[in-house]
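A single chain comes next, written as C-alpha cells; it is the form predicted alone.
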Amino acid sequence: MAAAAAAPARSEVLSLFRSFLRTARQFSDYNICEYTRRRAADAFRENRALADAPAAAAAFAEGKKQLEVAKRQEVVYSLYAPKSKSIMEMKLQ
C-alpha cells in the first residue's frame, strides 16, 4: 500500500504528458487531435499543485488510465477516418 501512495517522480509525470501529446498527434481528425491535446494540458495544469503524495499518486494513476483510453480511441477513429480533410487541415494554395 505504501508503494501506491508514493508520489510519481517529475520525470514520470513529464513522460506521461509527452505520451498524451504523441497520442493526440496520431488522431487523423483535427478536432479530436486538438481536443485531446487541450484536455491533457488542462488536466495536468489542474493537478500541478497537488502537494500530498496520495492525491498525486491517484491523479497519476488516473492519467495513465486516460492515456490508455485515448490510445484505444485513436485506433477506433483510425478505422473510421473521414474521407475529406477538415478546413483547418487544408493548405492554402
Partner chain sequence: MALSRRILPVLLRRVNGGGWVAPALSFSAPARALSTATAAAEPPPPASDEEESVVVKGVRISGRPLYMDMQATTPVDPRVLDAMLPFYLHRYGNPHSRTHLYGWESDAAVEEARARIAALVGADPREIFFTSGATECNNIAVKGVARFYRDRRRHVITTQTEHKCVLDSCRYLQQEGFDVTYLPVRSDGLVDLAQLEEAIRPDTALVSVMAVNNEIGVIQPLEEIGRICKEKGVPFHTDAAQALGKVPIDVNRMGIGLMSLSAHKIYGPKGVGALYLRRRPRIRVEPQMSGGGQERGIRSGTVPTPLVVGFGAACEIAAKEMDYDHRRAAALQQRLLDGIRAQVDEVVINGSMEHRYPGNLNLSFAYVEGESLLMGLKEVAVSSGSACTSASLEPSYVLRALGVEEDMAHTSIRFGIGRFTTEEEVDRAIELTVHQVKKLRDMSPLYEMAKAGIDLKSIEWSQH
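Positions refer to the first chain, counted from 1. Quantities reported herein were computed from a predicted structural model and do not represent experimental measurements.
Keep in mind that the form predicted in complex with the partner chain is not shown, yet the notes after this line are about it.
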item	value
Any non-hydrogen atom of Ser11 within 4.5 angstroms of the partner chain in the predicted complex	no
4.5 Å heavy atom contact, Asp42 to the partner chain in the predicted complex	yes
Contact flag, Lys71 vs the partner chain in the predicted complex, heavy atom cut 4.5 Å	yes
Close approach of Ile32 to the partner chain in the predicted complex, 4.5 Å, heavy atom	yes
